[in-house]
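Encoded as structure tokens, the following chain is the form predicted on its own, with no partner shown.
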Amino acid sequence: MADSVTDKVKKVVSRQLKVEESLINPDSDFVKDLGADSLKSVELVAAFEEEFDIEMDEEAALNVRTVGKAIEHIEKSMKEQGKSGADPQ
């Protein structure tokens, strides 16, 4: 079974910010809770684009403050771009 968008987001955040996946939840704030700075935030957006094969509005994406909002933003971008959450068959 393919990983959900939430699982993939947590994996990317964990990898990019060097934070244990178990410490990441939808309410986690990228800056306050997970230690992201402006450079890490840009790297996160790029990593999300690569992981989900989408293009994100960088300005809008950088204004996303929590993991839950990032998941919503990614799901919206995927829907708009005709991508599914599952890996291709």
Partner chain sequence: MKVCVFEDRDYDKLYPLTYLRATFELKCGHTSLLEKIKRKFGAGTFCYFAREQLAPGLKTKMPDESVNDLDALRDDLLIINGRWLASGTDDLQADGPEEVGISGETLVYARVKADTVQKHLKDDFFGFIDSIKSNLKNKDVSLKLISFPWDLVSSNGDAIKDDFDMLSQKGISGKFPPQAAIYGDADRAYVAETAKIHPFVVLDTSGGPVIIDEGAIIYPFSRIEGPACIGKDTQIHGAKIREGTAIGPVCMVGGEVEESIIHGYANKFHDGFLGHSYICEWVNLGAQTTNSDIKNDYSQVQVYVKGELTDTNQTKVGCFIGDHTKTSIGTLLNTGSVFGMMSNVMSIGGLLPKFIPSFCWFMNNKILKGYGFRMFIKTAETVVSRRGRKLTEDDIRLLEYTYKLVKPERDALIKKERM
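Numbering follows the first chain given and starts at 1. Not measured: the values here are computed from a predicted model.
Form predicted in complex with its partner chain: not shown, discussed below.
- Residue contact with its partner chain in the predicted bound form: V64 places no heavy atom within 4.5 Å of it.
- Looking at D27, you'd find every heavy atom of it more than 4.5 angstroms from its partner chain in the predicted bound form.
- When its partner chain is considered in the predicted bound form, L34 lies well away from it, no heavy atom lying within 4.5 Å.
- If you take 30-51 and check each residue for a heavy atom within 4.5 Å of its partner chain in the predicted bound form, you get S38, L39, V42, E43, A46, E49, E50, in sequence order.
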